[in-house]
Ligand code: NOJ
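One chain comes next, on its own, written out as structure tokens in the form predicted on its own.
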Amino acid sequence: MTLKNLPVIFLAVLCAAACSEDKILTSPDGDIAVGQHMSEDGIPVLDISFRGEKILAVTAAGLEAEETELSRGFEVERIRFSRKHETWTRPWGENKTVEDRHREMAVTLKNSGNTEMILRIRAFDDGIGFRYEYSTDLDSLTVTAENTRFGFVRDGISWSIPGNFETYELDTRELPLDAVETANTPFTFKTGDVYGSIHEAALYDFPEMNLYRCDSLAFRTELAPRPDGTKAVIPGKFSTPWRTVQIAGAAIGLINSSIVLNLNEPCVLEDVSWIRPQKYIGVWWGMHLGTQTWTCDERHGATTENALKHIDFAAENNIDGVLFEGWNAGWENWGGSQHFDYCRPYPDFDLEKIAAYAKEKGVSLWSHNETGGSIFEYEAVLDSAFSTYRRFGINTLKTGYAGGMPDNILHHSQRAVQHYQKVVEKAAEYRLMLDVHEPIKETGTSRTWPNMMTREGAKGMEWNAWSKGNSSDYLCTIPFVRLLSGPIDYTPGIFDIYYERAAADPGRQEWNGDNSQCFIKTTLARQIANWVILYSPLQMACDLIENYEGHPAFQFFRDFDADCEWSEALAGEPGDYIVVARRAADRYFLGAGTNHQARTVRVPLDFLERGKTYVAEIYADDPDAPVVVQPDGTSAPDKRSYRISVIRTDAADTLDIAMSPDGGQAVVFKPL
């Protein structure tokens, strides 16, 4: 056998022996390089460069524990290099086929305390990931800190939310790197001509990490604490989550990255035929507007009559599922004991009749489980609740954790992370897909557990109902920050921009404060475009169905397919604008949005299949929209105004996307 006939993986092992003194790892395309060396204190340091320019120095100082030394005094025992190139598929996703092409350097270190740590580093064309793999003689370790430090070579701009271990429902900020005190991840930045984002992958049995500034241009990791102040209890042999740095020459390269998914293990479920994307509507928005209630009273939203009406609407409009919030007993305890009965419907919600009607109409019935943060109570009833749902043909479950967890447990701490995963695994036993609100952030675990479909984890649509809400700038930022971690259940699609129907309701219960600030801050065309831009395999049309009935622009959602196979961000800059295209079956969908500035973006249509002609139905802002006085007293072009046009086009054409301030455009391309 000649050398050239040896398998690739064997060649990699030979390289490990021959190149053991070489401590440089490069990405397959050569753009990214990671140099590894040891400090005087026996701490690994990683120097990360992009196209020959150093951007980060990462001090990979590992963990601290009460029982033994885990962070310093190490010496290198050996270095092994390997490589991998494969494609894998998933039952759903922005892209159902994913390429995993990386090179790996595994640095085995030992210290005088007989602790072995493998610093495993992987370099992809879109970034790097590294983790700590510990092996000690102890049964368990009490982690008190993580000492990973990210040091930037020079200042730049960043986009993030503040560090917080209880919520992600915070406004994004654009700040110089040296002005950031704390940040949650993904932490997106631009330094020089390089874009990047720091995050984590494969978070299972560990607290989430935040970034805390420790120097003008350096950030240390901070882990969500347990009630006693320690961070985690782990086995003596343990691998941490991956710490990731996405790197790209253009901002859209971050969106098109698959590194977070690739650092997770393959799917563990043998049968995934029951897992499928859906479009859905539901009894939800009225409660936030104050026209309906979660509790069983005269304004109750989840009634049998309302349920049947929503099922009819879904069946008539090519919509897969219907969600009901406030259907089960216990909402009267909200703000008090936070006790919910997950099996007993309110008297005015005939679950048996509703389930039978949904089955007859071919509509998927969703259930909502609000826990109020009572995780121990919820864990105790998972089997009884989930078996009940399966008996009624329910295949999708929305969970919520809007409230403090017991015993001073933080939402993003180790115990909470364990809870979220326990629910995912139990749901898989009962073939239930999950949509989690007030979640732990996505870290690519949906590759391994694909019934974990989507998560909230951001300031979603409901904030527009009872606060100043979300600006168009915010909606142009989260694709480059929050959505880098995975799908978002933002619940898009409000057509009643100024809440005229709600304002006409004499029984509406308005929230305390200045309600004049409560209206949608984008155009209707942008609301449509958000169905494409803000990716979720479970995508909602969240407005009251009365606002969709007879509305010409709702045809886009009827045509829209949540089960996309391919996606690509085509253009954009954080906080400024975003253009995304997706393909589902033989149709393509495009969504574009701008911030508070009017903008025209020229986009080549070379993503369309060559040799085919398409009918493009364009939902755009009306450039001649009349000026109106908005609820807050300001004058602006009417955000309700839009235009629908139809053209023929193909892959050789270019589309000029004209957007008004706070506007957008949505296009469906149908092959002739």
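Here the structure is a predicted model, which is why all the values come from computation and not from measurement. The first residue of the shown sequence is 1; numbering continues from there.
A second form of this protein, the form predicted in complex with the ligand, is not displayed here; the remarks below concern that form.
Proximity of E325 to the ligand in the predicted bound form falls within the 4.5 Å heavy atom cutoff. Contact between H437 and the ligand in the predicted bound form is found at the 4.5 Å heavy atom cutoff.
Contact annotation: E370 falls within 4.5 Å of the ligand in the predicted bound form, judged by heavy atom distances. At the 4.5 Å threshold, heavy atoms of H419 stay clear of the ligand in the predicted bound form, well away from it. Contact annotation: of the candidates F130, F189, F480, W284, the single residue with a non-hydrogen atom within 4.5 angstroms of the ligand in the predicted bound form is W284. Proximity to the ligand in the predicted bound form, defined as a heavy atom within 4.5 Å, singles out one entry of H199, R526, K398, R122, which is K398.
Look at 329-337, 443-451, 349-357, 231-239: in the predicted bound form, residues with non-hydrogen atoms within 4.5 angstroms of the ligand sit in 329-337. In sequence order, W284, H288, W294 are the residues of 275-309 having a heavy atom within 4.5 Å of the ligand in the predicted bound form; the partner itself is omitted from this view.
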